[in-house]
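Presented below, as structure tokens, is a lone chain in the form predicted alone.
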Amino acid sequence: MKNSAQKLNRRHFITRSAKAVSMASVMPAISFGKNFNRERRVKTVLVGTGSRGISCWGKELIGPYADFVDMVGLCDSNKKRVDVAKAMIGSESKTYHSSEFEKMVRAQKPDVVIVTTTDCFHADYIVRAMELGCDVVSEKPLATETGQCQRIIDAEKRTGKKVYVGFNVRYMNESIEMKRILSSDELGKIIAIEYHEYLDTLHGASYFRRWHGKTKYSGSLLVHKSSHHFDLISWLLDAEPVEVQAIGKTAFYGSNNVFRGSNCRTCSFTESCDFYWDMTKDRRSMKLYADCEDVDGYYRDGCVWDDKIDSQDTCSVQVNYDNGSQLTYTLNAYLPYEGQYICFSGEKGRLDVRLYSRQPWETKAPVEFRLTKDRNTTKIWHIHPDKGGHGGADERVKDMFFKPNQPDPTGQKAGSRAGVLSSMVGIAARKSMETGKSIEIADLIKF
């Protein structure tokens, strides 16, 4: 794969990166509009009241952050679900159907719209929120298609409002440690990165039971899931992707089985299917999804063998960056164990990071670091995640967004550019799979 960095404006990249580093340590962490630093709390509305929305951005926001946040509206395409979500969150917010989104914003006048809908609808709400005068916090991915990315970029420029993305992986202890090592220049220039994502048959299968297994909704796992990882590499390297080449297929789930049903609760193959999930034992899922499915027909316990599943479960992606580094990324979603293996090969040595999740041979700590400087010198140490969602990262993201004057020396706060580029790597990978060609991001999107 040729290096296409010369096609992009190097002066722009270098200037942007230098400004980001110099300003990060002196500016307030965030300002959601002109009202953020006033005495009153930030007014927010939440659109998309599924599991992630009502937990991280609902109950876990209005409780611990009550001094900073006032949630004034909840919105969802399923009216039953939004009412159930209101009770689960413990909110007094007024509820709205998604068709009433604009009505909600005009009536409640929020400072910030929090977007946690199905991925393919993120861009619609993000753009309209900015047009109505609001800043936006969006769950990843920012968008699932090139046109959506362009609309967000153009709307942010046109309206002067801001979009931020909840890339909580940047805030995990292991990510902070990787950033410390790479920023110290102990490895010198990073030449190559290997990033291997291992999803087991618990976690991996859960994506294919839900809408995430359909590309039209999620953009594929390379967008929905892997945008986290592509963003992490850009942040760690302080570099941006320029060219993508990929191969991938749906090799395990979907049509790769002799039987299937519509969902687990009504299936005839519960005794013979290794992926049968008894949703009736999950009280929260029953209330939030099963009790509301008559409205929209969405089954939270959908069949992993649904022949409409087209999101790749087996992927290999290569990415070239504007600083000359290259990434080899793999995703496999049906393995007997869970974890990650991330390696950085530099001019002065190599860093190996192993993340163990639910593995029976885990003995010391979930994350192992190995730094090797030469054939005779290697150092090994272990770190633990903190308590809280995603190893404490969910709380740190909300601190950065909603507590005033938060320091950000490493530039963890992610804006629209980071969100767009992380989505575009997955989008370009899909396009490469379809065409068999290398895809240059500058040919798809204009900032």
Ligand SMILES: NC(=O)c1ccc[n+]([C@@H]2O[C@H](COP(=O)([O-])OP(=O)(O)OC[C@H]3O[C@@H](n4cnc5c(N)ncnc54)[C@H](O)[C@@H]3O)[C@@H](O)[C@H]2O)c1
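Numbering starts at 1 and runs along the sequence shown. Here the structure is a predicted model, which means the values were calculated and not measured.
One more form of this protein, predicted together with the named molecule, exists but is not displayed; see below.
- Stretch 220-228 is the contacting one of 252-260, 153-161, 220-228, 86-94, since its residues have non-hydrogen atoms within 4.5 Å of the named molecule in the predicted complex.
- Only one of 211, 276, 369, 337 lies close to the named molecule in the predicted complex, with a heavy atom inside 4.5 Å, and it is 211.
- For the options 234, 215, 175, 116, the residue carrying a heavy atom within 4.5 angstroms of the named molecule in the predicted complex is 116.
- By the criterion of a heavy atom within 4.5 Å, residue 139 is counted among the residues contacting the named molecule in the predicted complex.
- Contact annotation: residue 170 falls outside 4.5 Å of the named molecule in the predicted complex, judged by heavy atom distances.
- The closest heavy atom approach of residue 108 to the named molecule in the predicted complex falls outside 4.5 Å.
- The named molecule is not shown here, but in the predicted complex it comes within 4.5 Å of a heavy atom of residue 53.
- Remark: all three candidate residues (49, 166 and 289) come within 4.5 Å of the named molecule in the predicted complex, counting heavy atoms only.
- Residues of 311-334 that come within 4.5 Å of the named molecule in the predicted complex, judged by any heavy atom, do not exist; none qualify.
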